[in-house]
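Starting off, we have a lone chain in the form predicted on its own, written out as C-alpha cells.
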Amino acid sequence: MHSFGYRLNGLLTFSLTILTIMCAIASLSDNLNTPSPSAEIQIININRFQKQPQGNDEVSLTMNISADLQSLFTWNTKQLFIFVAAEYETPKNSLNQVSLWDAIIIAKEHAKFWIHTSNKYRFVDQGNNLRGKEFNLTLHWHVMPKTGKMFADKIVLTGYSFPEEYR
C-alpha cells in the first residue's frame, strides 16, 4: 500500500507531464497559422531636416501609418510589439536602422489601426549623409505568445527619399 506522499508525488508528476504536453501542442499549433499582415506608411511632411552643430543630420517626419495585423493573433498570442524603422545605406555602414515609432498591441481588436504621428524618437544620422538619400520604412513586429517561442517578421516599404537641401 502506498503512502499519501507517494500518491501525491504520482499525481503531481502526472499533472505536470500533461501540462507540458499541452504547452508543446499549443506552441506547435501556432505553426498552422499563416498570417497575412498588411501595412502602408505615408510621409505627410518632413518637418525638419537640418544639420546639427556637431555635423550630424537630424530629421523630423510626420507620417500616416495604417496596418492590419489581426492575422498575427491566434489564441496563443499575448501581445505584439511593433515598430517603424528607417533603413538606409551610407559609405561607412551598409545598413543603418533608426527606430521612429513603436507600440504594443495587446488585443486583436486593436491590431487594425490608422495613426497620424510624428517620429517618436530622434532621427539623427552620424554624419551628413542624408541629403538626397533614398531610404526604406520598415514595419517590424515581434509576436509574444502565451507559451512557446517568440517570432519576428517585417514589411519593407520602399520609395522614400530625403530632400536635396536642408530646411
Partner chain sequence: MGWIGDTLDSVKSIQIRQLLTQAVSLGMIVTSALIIWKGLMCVTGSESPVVVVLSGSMEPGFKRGDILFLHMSKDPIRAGEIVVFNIDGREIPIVHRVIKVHERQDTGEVDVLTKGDNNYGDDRLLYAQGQLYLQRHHIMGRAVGFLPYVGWVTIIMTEKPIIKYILIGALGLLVITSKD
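None of these values were measured; they are calculated from a predicted model. Residue numbers count along the first chain shown, from 1.
As for the form predicted in complex with the partner chain, it is not shown, yet the points below apply to it.
- The stretch in contact with the partner chain in the predicted bound form, judged by heavy atoms within 4.5 Å, is 118-126, chosen from 43-51, 29-37, 58-66, 118-126.
- For the residues Ile18, Ile25, Met150, Leu12, the 4.5 Å heavy atom test against the partner chain in the predicted bound form is passed only by Met150.
- Although the partner is absent here, Met144 lies within 4.5 Å of the partner chain in the predicted bound form, judged by heavy atoms.
- Although the partner is absent here, Thr77 is not a contact residue: none of its heavy atoms lies within 4.5 angstroms of the partner chain in the predicted bound form.
- Looking at Arg131, you'd find every heavy atom of it more than 4.5 angstroms from the partner chain in the predicted bound form.
- Under a 4.5 angstroms non-hydrogen atom cutoff, the partner chain in the predicted bound form lacks Asn136 among its neighbouring residues.
- Not one of Ile155, Ser161 and Tyr166 comes within 4.5 Å of the partner chain in the predicted bound form, counting any heavy atom.
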